[in-house]
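Only one chain comes next, encoded as structure tokens, the form predicted on its own.
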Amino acid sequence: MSFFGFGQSADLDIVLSDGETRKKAEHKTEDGKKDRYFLFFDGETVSGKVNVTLKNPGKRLEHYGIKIEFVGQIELYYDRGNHHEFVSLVKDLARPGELSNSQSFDFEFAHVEKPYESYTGQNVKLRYFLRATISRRLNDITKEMEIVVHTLCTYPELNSSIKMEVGIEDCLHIEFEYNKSKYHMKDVIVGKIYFLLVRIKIKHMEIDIIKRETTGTGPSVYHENDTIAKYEIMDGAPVRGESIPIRLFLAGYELTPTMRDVNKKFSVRYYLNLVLIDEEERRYFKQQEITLWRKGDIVRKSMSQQAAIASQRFEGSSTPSASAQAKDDSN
């Protein structure tokens, strides 16, 4: 054995058991780029192998234990020293001892609760990752694998239309209506705008989708507004009695589900912002919050989401009767 145990080291690798077939999803990194990560949903099992490859054959590796963790954490950029963990699971793979050969260790985190969607924003990051660790006297050997989690929802039971008015006394009276208040992320916003009274000269009108990220509490609250989309409704002067239809397709924009008070750390909300500009460049606004949700495209996964709410885990592929039940519930 060399002095201080530096004679041997190892490489760690984490391999998922279904890595060849599991779907990947694009996710924005902190520097604004997009990478692809393995995609998981709430209630799914995370399993695989940790491969330990010794760098110097013939030399032993002393260690104080080998483990793997599944972690879900929130990091606020203005408080980078503190990582707020809302999921923390640990599996011990090997007791303290020595490794004389490269070795693989199986692991499984069964039906893991993943309550929130992965998110990278202006001031906050919510992420899930696997971390393998070989504990040593002076310097641990670690390896992380990041995954992405999507939260799925079913159609909301109540989804009322939105009706609002914009008015300036004796000058302007506009009514606008959207077909509903909750939209899935590939949905179409359909609406109409009615001009009941127009005595000012409007030259431009648009609808913006605004994303508002809120982090912190009390006096340390930060708001970041980001204009996701601009949709021009008209360019020119409307007349009384005119109505203008709206069709805004959401699929082409970079959206996330609405997130409200996630672990009491942050929120992400979306608003439709109606903007009118008159010939003297005065701007008139009317804002309305909408709810965005991620639509489950596979029955089994949406069932898993419902089961999570009831604190039960469901696997639609486990038995034929379970699959039949899933189909019945989807009808």
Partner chain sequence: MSEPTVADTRRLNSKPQDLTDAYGPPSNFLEIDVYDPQTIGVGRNRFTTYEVRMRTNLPIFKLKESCVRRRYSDFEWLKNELERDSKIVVPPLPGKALKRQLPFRGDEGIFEESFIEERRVGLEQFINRIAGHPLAQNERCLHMFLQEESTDRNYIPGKVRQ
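As the structure is a computational prediction, the values presented were derived from the model and not from experiment. Numbering follows the first chain given and starts at 1.
Quick note: we don't show the form predicted in complex with the partner chain, though the next part is all about it.
With the partner omitted from this view, the residue of E213, D79, E117, E177 that lies near the partner chain in the predicted complex is E177 [heavy atom within 4.5 Å]. Screening G241, P156, P96, G252 for any heavy atom within 4.5 Å of the partner chain in the predicted complex leaves a single hit, G241. Residues placing heavy atoms within 4.5 Å of the partner chain in the predicted complex fall in a single listed stretch, namely 177-185, out of 107-115, 177-185, 226-234, 142-150. A residue is said to contact a partner when one of its heavy atoms sits within 4.5 Å of a partner heavy atom; G191 meets this definition for the partner chain in the predicted complex. Taking the partner from the other structure, the partner chain in the predicted complex has a heavy atom within 4.5 Å of a heavy atom of R282. Using a 4.5 Å cutoff between non-hydrogen atoms, P245 counts as a contact of the partner chain in the predicted complex. Heavy atoms of I200 reach within 4.5 Å of the partner chain in the predicted complex, making it an interface residue. For the stretch 19-34, the set of residues having any non-hydrogen atom within 4.5 angstroms of the partner chain in the predicted complex is empty.
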